[in-house]
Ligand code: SAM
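Let's start with one chain on its own, the form predicted alone, as structure tokens.
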């Protein structure tokens, strides 16, 4: 599928649920969230039908997100079902990691290829403040088990809402030096009535501090797996990589290759837009496969040239909280 700017859309991000066992301050609204009844979610059967149809039109990469996708029952069988379609070459998952320790092996066996784990700090007190949970030990266990299960190039996603602590930076440097992991620092996107400020200059600050602490120079390198927008660098003797994702200060919309599907059946052409197309209503009205494709084709054609956040669009104009979209 091509959008009207000539971008090839081959990547589908699916939110499986709006529920999460964490309460991250940059993702969950401060006042809480009225979660959907599970009957409002697209069923696994409906999702597999969508993936099968889109596989005929060039979608060959799928990422499963949430909320927290691992809390939805049946996800291992669902991944096995995606894999059995034969058209999706890359199945990936974004998780907070708290349930990964007990599920990593069966997820890998089912056909999951890649895992991204959200980890903003290794300081227990700060972790509690950010996530609302005392679960750091489980996230670190999940990271260990993901590597043990055979996932290559595990990615750690670090949202920069404030300066990264020195202990955090030392941990991330050690991970990159000792293991083939990618630590990705992501500019915070304040959408959905969040109380936090995005901050400025944090990416450059982190780059500089890594070089000072290691006495080494970050050298640009080729992208590390997947289809994400990170710009990657490595230290001279490291096994892993650092990535930097800059949706606000240096947007990468001209390279966008993705379309999003929310748990409640809305197609979103862009994360940072309120435009949505309802596919659930069509599915539950017994639409044809051709009609499924046409719904997605209209959404792809509606993709804008670039998002407006950081330009003339206030953050509060984005209606959905991040937890209901999947990032």
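These figures come from a predicted structure and were not determined experimentally. Numbering follows the first chain given and starts at 1.
Quick note: we don't show the form predicted together with the ligand, though the next part is all about it.
- Comparing 295-303, 47-55, 64-72, 275-283 against the ligand in the predicted bound form, the single stretch with non-hydrogen atoms within 4.5 angstroms of it is 64-72.
- Of the residues given (188, 151, 244, 171), 188 alone sits with a heavy atom within 4.5 Å of the ligand in the predicted bound form.
- Proximity to the ligand in the predicted bound form, taken as a non-hydrogen atom within 4.5 angstroms, holds for one residue of 256, 159, 79, 104, which is 159.
- Among residues of the shown chain, residue 1 is not one whose heavy atoms approach the ligand to within 4.5 Å in the predicted bound form.
- Although the partner is absent from this view, residue 145 stays clear of the ligand in the predicted bound form, with no non-hydrogen atom inside 4.5 angstroms.
- The closest non-hydrogen atom of residue 27 lies within 4.5 Å of the ligand in the predicted bound form.
- For the chain shown alone, residue 94 is a contact residue for the ligand in the predicted bound form, at least one non-hydrogen atom being within 4.5 angstroms.
- Annotation for 118-137: the only interface residue with the ligand in the predicted bound form is 118 [heavy atom within 4.5 Å].
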